[in-house]
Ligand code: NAD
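The chain that follows stands alone, in the form predicted on its own, written as structure tokens.
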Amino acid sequence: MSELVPITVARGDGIGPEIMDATLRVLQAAGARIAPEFIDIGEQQYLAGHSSGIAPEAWDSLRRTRVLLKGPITTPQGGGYKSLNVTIRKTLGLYANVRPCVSYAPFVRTLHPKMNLVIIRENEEDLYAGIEHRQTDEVYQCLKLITRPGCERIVRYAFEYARAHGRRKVTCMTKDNIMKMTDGLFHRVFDEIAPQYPEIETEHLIIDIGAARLATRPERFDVIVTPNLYGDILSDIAAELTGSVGLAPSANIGDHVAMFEAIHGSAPDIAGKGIANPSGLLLAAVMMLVHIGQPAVAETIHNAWLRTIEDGVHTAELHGTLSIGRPFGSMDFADAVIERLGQRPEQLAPVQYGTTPSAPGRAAGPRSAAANVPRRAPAAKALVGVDVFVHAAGVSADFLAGQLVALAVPPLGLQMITNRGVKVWPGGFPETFCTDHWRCRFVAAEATPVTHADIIALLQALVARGIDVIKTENLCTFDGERGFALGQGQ
């Protein structure tokens, strides 16, 4: 018999413990070769003073097993608490979030019976960097960070996933018609990598029309790859379109550790009643078994689950005309799956995961091929100016410009002022609504070199005159290409 694979298990909060117990019950009955190590995470850890919801000693288990099966957790209301999911994903480098969304018609009600897609979401960057500031009385900011290595890893992962799972098409969704540099980089990397997979159809959609088509025609999609925020929103929409968010599993894959969970929350309103649906977590555990090299067990459990759904065995939120008897509780449902181990669905398509295991703790899928993205040689970087952000209330753009023009220090001169991204000087419109937050762009004449000392001298002049400088962004070119967006109207 093969050696047991250690995994870390966190029961979580709310309905977490009951659906985890039901899931582990099925895994044990199916012969999963695992050795669980239990850790405590979530609400009690927050209240015990751990602001991220996880105690320091729990990290030791995660580093040792490199696999986490996690129940949903509750984050206490109020400030000072970090998202545990974001903390784990970013701390352990879980860059790929994988969410299969499948319809089970007619046994689970849905308007889209042919839906079968996977959303692969970049998991570490974008607005989820969590870098936010209040800059003035009226303005707050959140920084959107997109990196080339991050884009290359997730895009290649999506293509490798499609190839490994026999998927025919990969769709990239961004908003690069507006965010031309950040989302533009994601789209550009997608276009660079796509030709390396000639057998796979590709397309790019702007996220708004892409989301609309997902909501109305999800059967046209196969694999969708997106930056972090869009993927988070799309995957919940897609899961709901299948008939229930409660059926949706999720995998978070990194080079060293992987985390598996249901996408739903802790549902404290039904906690302890024994009626929660363990399906999302159970299917996440199926993904975990494939990851740790036990695809045969994963296949047995998944097909038994499909047969259970076919037979009308549903928990309360899915109970309807195709259900049998009363709604099933969490453990009743688990026992029904166990009774059907070794059976295959008769109407729903059976799953097949293959028989070639991977090494314990390592991915059985495309993760390795997406890892270790080579870094490019540094570009020739030249400093050409600076955007100075100023807090100034109750003034006009023309008045502020008059002050700044007089204070400019050669070689830098004031080129423009924007407010909320709209150019208001020179040539602004009186109808434009302005706040107390101004971006003031200083640049040098073409071909005139700019130094950091020049920028410091400019800032010293502004501060000495009482100008409230709240932020600066250096303007640079890279191999002669502009590394900053032009202001509106330029």
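One rule holds for the numbers: they count along the sequence shown, beginning at 1. Here the rigid core means the biggest group of C-alpha atoms that line up within 1.5 Å when the two forms are laid on top of each other. Nothing here was measured: the structure is a model prediction, and the numbers come from that model.
The following text describes the form predicted in complex with this ligand, which does not appear among the structures shown.
Q: Can you pick out, from Ile270, Ala211, Val395, Leu229, the residue that has a heavy atom within 4.5 Å of this ligand in the model of the complex?
A: Answer to the contact question: Ile270.
Q: Let me know the one among Glu317, Glu203, Glu240, Glu339 whose heavy atoms come within 4.5 Å of this ligand in the model of the complex, would you?
A: Exactly one listed residue reaches within 4.5 Å, namely Glu317.
Q: Each of Ile15, Glu261 and Ser266 near this ligand in the model of the complex, meaning some heavy atom within 4.5 Å?
A: Yes.
Q: Does the 4.5 Å heavy atom contact test between Ser323 and this ligand in the model of the complex come out positive?
A: Because no heavy atom of Ser323 falls inside 4.5 Å of this ligand in the model of the complex, the answer is no.
Q: Using a 4.5 Å heavy atom cut-off, state whether Gln343 contacts this ligand in the model of the complex.
A: Result no; Gln343 lies far from this ligand in the model of the complex.
Q: Report whether the minimum heavy atom distance between Ala298 and this ligand in the model of the complex is within 4.5 Å.
A: Close contact is absent here: in the model of the complex, Ala298 is far from this ligand, nothing within 4.5 Å, heavy atoms only.
Q: Would Gln415 count as a contact of this ligand in the model of the complex, using a 4.5 angstroms cut-off between non-hydrogen atoms?
A: The answer is no: Gln415 has no heavy atom within 4.5 Å of this ligand.
Q: In the model of the complex, which of the stretches 66-74, 440-448, 424-432, 26-34 has residues with heavy atoms within 4.5 Å of this ligand?
A: Of the options, only 66-74 has residues within 4.5 Å of the partner.
Q: Going by this ligand in the model of the complex, which residues of 83-121 come within 4.5 Å of it through any heavy atom?
A: Residue within 4.5 Å: Asn85 only.
Q: Taking the rigid core as the frame, does Ala276 move its C-alpha by 2 Å or more between this form and the one not shown?
A: Yes.
Q: Core-aligned, is the CA shift for Trp425 between this form and the one not shown 2 angstroms or more?
A: Result for Trp425: no, shift under 2 Å.
Q: Does superposing the core leave Glu43 with a CA shift of 2 Å or more between this form and the one not shown?
A: Glu43: C-alpha displaced by 2 Å or more between this form and the one not shown.
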